[in-house]
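First, one chain by itself in structure tokens, the form predicted on its own.
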């Protein structure tokens, strides 16, 4: 009989809540601990917190160390923040508990790309405890990096990669809304860019690093451009309301150069409820080479569900992986875990 994998979820926002629901649907996974700092969630049953019927018997803890000591998970799925500097302490706490770590923090998709020192610290900690740490998600983690790399496998030669993801931000929670500047006025958006509080899509340097490493390209620099998407209609989601004239999202482009030659260009115009402005979502990848590949997926792979699925489906991959800080290109291809339905 296959051993059940014990899983803890740290962070019960929009993504963490969905991850809990997905785990409870997988016979091979057992939810054994949950962590969140929000006072209204602490002490309550996970089923109540994530809007499920019945009870799980798993109570939300505030103190992660105590939660992990009590639940003794094999894997901790971390769904708290986007940046390596913000999740470093949480990752180290999870490692210290002896668990493998799956993080949906965008910068964790390739932590070495921008934070080599912190990445090495996590790598050495993971090696010392014999566990794996992995960053994954829908993007980075799949659409604008791993999927591109897989498509290149049918090419004799690759000259350039151009890819575009047009997506709906609506499923994501307040953290993503803030980093995108959703709901602000255009001048507030520009001020946020200058302060560094508005970052647009998080993960372009990581995706470009993964693609370049997989294809054997040495890049000299990555350049990024960010512009607000101004709404002409009223839009309302669970997490934000956007009036006409306010920012509905961010159009973000990043390019990787070798000298003056652009080898990789990734475009990511994302906004809440784009259909209200007549914008259709989709994922588009062009691999220029021999042969050239042009792929389109319409509508987009849903960002929220995709992130949840990637995190949960990574659990058996990290359980079987070598120790250390790894990326999606270091592991076997992801695949769906059978559910109860």
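Positions refer to the first chain, counted from 1. Bear in mind the structure is a predicted one, so any value in this text is a computation, not a measurement.
Omitted from view is the form predicted together with a further copy of the same chain, to which the following refers.
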Mind checking whether each of 118, 126 and 130 has a heavy atom within 4.5 Å of a further copy of the same chain in the predicted bound form?
no
At 4.5 Å between heavy atoms, is residue 22 in contact with a further copy of the same chain in the predicted bound form?
yes
Can you tell me if residue 152 lies within 4.5 angstroms of a further copy of the same chain in the predicted bound form, counting non-hydrogen atoms only?
yes
Is there any non-hydrogen atom of residue 308 lying within 4.5 Å of a further copy of the same chain in the predicted bound form?
yes
Since only the chain is shown here, I'm wondering whether residue 335 would be in contact with a further copy of the same chain in the predicted bound form (any heavy atom pair within 4.5 Å).
yes
a further copy of the same chain in the predicted bound form has a heavy atom of only one listed residue within 4.5 Å, and of 147, 219, 193, 184 that residue is 147
In the predicted bound form, the one of 162, 158, 169, 199 near a further copy of the same chain [non-hydrogen atom within 4.5 angstroms]
158
Given the stretches 34 to 42, 293 to 301, 66 to 74, 268 to 276, which is the single one in contact with a further copy of the same chain in the predicted bound form, using a heavy atom cutoff of 4.5 Å?
293 to 301
If we check a further copy of the same chain in the predicted bound form, which of the residues in 253 to 269 reach within 4.5 angstroms of it by a non-hydrogen atom?
261, 263
